[in-house]
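Given as structure tokens, the chain that follows is alone and in the form predicted on its own.
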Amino acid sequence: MSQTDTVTDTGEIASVSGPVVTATGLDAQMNDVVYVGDEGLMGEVIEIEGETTTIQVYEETSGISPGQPVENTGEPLTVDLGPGVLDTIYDGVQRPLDVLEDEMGAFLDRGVDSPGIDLEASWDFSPTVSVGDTVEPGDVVGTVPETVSIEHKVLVPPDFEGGEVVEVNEGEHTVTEPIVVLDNGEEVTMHQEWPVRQARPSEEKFTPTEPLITGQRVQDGLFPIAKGGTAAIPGPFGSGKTVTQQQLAKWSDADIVVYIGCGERGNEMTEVIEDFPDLTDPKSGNPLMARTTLIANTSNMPVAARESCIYTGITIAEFYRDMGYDVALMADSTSRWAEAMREISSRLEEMPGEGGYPAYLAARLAQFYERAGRFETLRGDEGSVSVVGAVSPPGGDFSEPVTQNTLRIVKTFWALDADLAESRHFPSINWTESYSLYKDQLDPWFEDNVAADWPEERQWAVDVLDEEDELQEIVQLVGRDALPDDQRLTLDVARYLREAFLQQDAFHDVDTFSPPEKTYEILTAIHTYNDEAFAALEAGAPIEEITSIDAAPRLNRIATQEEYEEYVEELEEEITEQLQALY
């Protein structure tokens, strides 16, 4: 939102308490955007009580004092939508950081603003409608090549009435110039504004039935997320939340990626900002940033802006969903947003809930996650927004309020384990604590597109890993050698599941992404070893000879093979041959 917006009313500051400012003499409504103090700091009305208006300010408030003016725009916080959103890095209130850096260097001044998209840039508009056609809200009137990867579909805004097309302007235009004019006087431009707290309308919300393929075996194979689904990645410090989300952003089969760094440490966001422009999209070969937008809000930025960056990101995701695209949104981390809510709530002297968080914490989280889903757009296409939120519980305590409230909302839970991360097991997702409630509705897709026995193979792997977890408690007491032979063999099979299937090398050119077909082949190869090994054990072969065959360790190498089908076929034959030779 630009500071050129019309000022409808002026009041003055009554008090300042960190990011919370109270003003008097201001005729405002809830969620109106205001400009605070002589420097015009952007803020948002969050409470009105009598003559007193409470504002959360999205910039550092040091230096402003009672008596300074507060200007009300009379408009809610909105985002600029149109071509130019992709391949851009924003701050929490959608100011393009590269534009601001060109104007004032690495350190941003307070009170500055810039439109979210370049209003002067020209785009080559190709119409898909003609004079005399009738269009309705949400209809596509033309396309623009936004990036080398994404064709931007110009939509009739949802709040238009629609009507008959009386004028079409093909060719080069800026985003503010009319490209289609309707008989009722409405002018469609490439630029839209939309309030961030209001979900964009759709025709219908569906039950997701197609998985969001992540290329990570533990997620696709054991705990899948649907396109249009929600997932949480909780974990203690250093357990791999950020790197897991970055892997998802790089490799998931979404058309568009919106990555929100919400209150994260500066060095983590710096890594994202430096790495992403250099990455290549594995699907198209084009730069990954050509289908990505980054929202960078670091821990040293004002806490109130953490809330705006969350809502800015989900609104951008909905905009591309309305074009019929599948969007993946990564929020890292929602705990920092909850901490901002806690600080604002304490400044407002509200009654605290558990852990000092406000009583409405669960409602705010639910409002955010419920905007995910698989939708029928206003024009009849299908689009989806999948939301993956990282949670940073203090000390890795999953019983704390943010984690627990998130668990009540999301349907996929990827629990990160610091012990796994320290042992260099990546992704460090704990397979005994994680779960997915999407499995049943996604199984038909896997059965049709990968293998008919996908659910059975997955359940077999889960059962073996669960049995290993129980046996490890006994092993710690009496040692592995005290176990019966069949249980020792189960531990050996589980080790291959952990090392060859669950573990994945993000730095290996081949292993960093595992398609579902390869995930299935690795699982069936280990299952073959399991079946043949137990057959040999029942036939009287010694357990030491069974576990020491030459072919078995080659299970760990399947993941790094590009031509894995032939490799797996040969390996299964060798395993069968060597084990049957023992009896």
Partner chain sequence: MKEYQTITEVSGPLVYVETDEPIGYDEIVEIETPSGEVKRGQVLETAEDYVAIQVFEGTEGVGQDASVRFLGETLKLPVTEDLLGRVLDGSGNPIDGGPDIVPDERRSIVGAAINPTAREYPEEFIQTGISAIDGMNTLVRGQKLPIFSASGLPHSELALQIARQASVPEDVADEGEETEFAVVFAGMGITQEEANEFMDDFERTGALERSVVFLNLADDPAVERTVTPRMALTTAEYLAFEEGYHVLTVLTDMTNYCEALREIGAAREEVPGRRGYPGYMYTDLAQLYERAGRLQGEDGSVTQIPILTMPGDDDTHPIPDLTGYITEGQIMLGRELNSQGVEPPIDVLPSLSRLMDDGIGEGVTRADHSGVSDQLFASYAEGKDLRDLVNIVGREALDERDNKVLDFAEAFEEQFVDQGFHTNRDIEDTLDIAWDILSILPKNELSRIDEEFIEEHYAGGESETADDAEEAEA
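Residue numbers count along the first chain shown, from 1. Every value quoted in this text rests on a predicted model; they were computed, and no experiment measured them. We call the rigid core the largest set of C-alpha positions that still match within 1.5 Å between the two forms.
This protein has a second form, the form predicted together with the partner chain, left out of what is shown; the following refers to that one.
Trainee: State the residue from Leu378, Leu100, Leu407, Ala290 whose non-hydrogen atoms include one within 4.5 Å of the partner chain in the predicted complex.
Mentor: By the 4.5 Å heavy-atom cutoff, the listed residue in contact is Leu100.
Trainee: Please pick, from Thr209, Asn286, Thr270, Thr176, the one residue with any non-hydrogen atom lying within 4.5 angstroms of the partner chain in the predicted complex.
Mentor: Comparing distances to the partner chain in the predicted complex, the residue within 4.5 Å is Thr270.
Trainee: Among Glu47, Ala362 and Gln580, does every residue place a heavy atom within 4.5 Å of the partner chain in the predicted complex?
Mentor: Verified in the predicted complex; spot residues all out of contact, no.
Trainee: Is Arg424 near the partner chain? Define near as a heavy atom within 4.5 Å, in the predicted complex.
Mentor: Yes - in the predicted complex, heavy atoms of Arg424 and the partner chain come within 4.5 Å of each other.
Trainee: Arg347 versus the partner chain, in the predicted complex: is there a non-hydrogen atom within 4.5 Å?
Mentor: Taking the distances in the predicted complex, the answer for Arg347 is yes, it comes within 4.5 Å of the partner chain.
Trainee: Contact with the partner chain in the predicted complex for Asp322, defined as at least one heavy atom pair within 4.5 Å: yes or no?
Mentor: Looking in the predicted complex, residue contacts with the partner chain do not include Asp322, since no heavy atom lies within 4.5 Å.
Trainee: Going by a heavy atom distance of 4.5 Å, is Gly263 a contact of the partner chain in the predicted complex?
Mentor: Yes.
Trainee: If contact means a heavy atom within 4.5 Å, which one of 416-424, 222-230, 160-168, 201-209 is the stretch that engages the partner chain in the predicted complex?
Mentor: Of the stretches listed, the one contacting the partner is 416-424.
Trainee: At 4.5 Å, heavy atom to heavy atom, what parts of 221-258 sit next to the partner chain in the predicted complex? List them in sequence order, or say none.
Mentor: In sequence order, Gly235, Pro236, Phe237, Gly238, Lys241 come within 4.5 Å of the partner.
Trainee: Determine, after fitting the two forms on their core, whether Gln561 shows a C-alpha shift of 2 Å or more between this form and the one not shown.
Mentor: Gln561: C-alpha displaced by 2 Å or more between this form and the one not shown.
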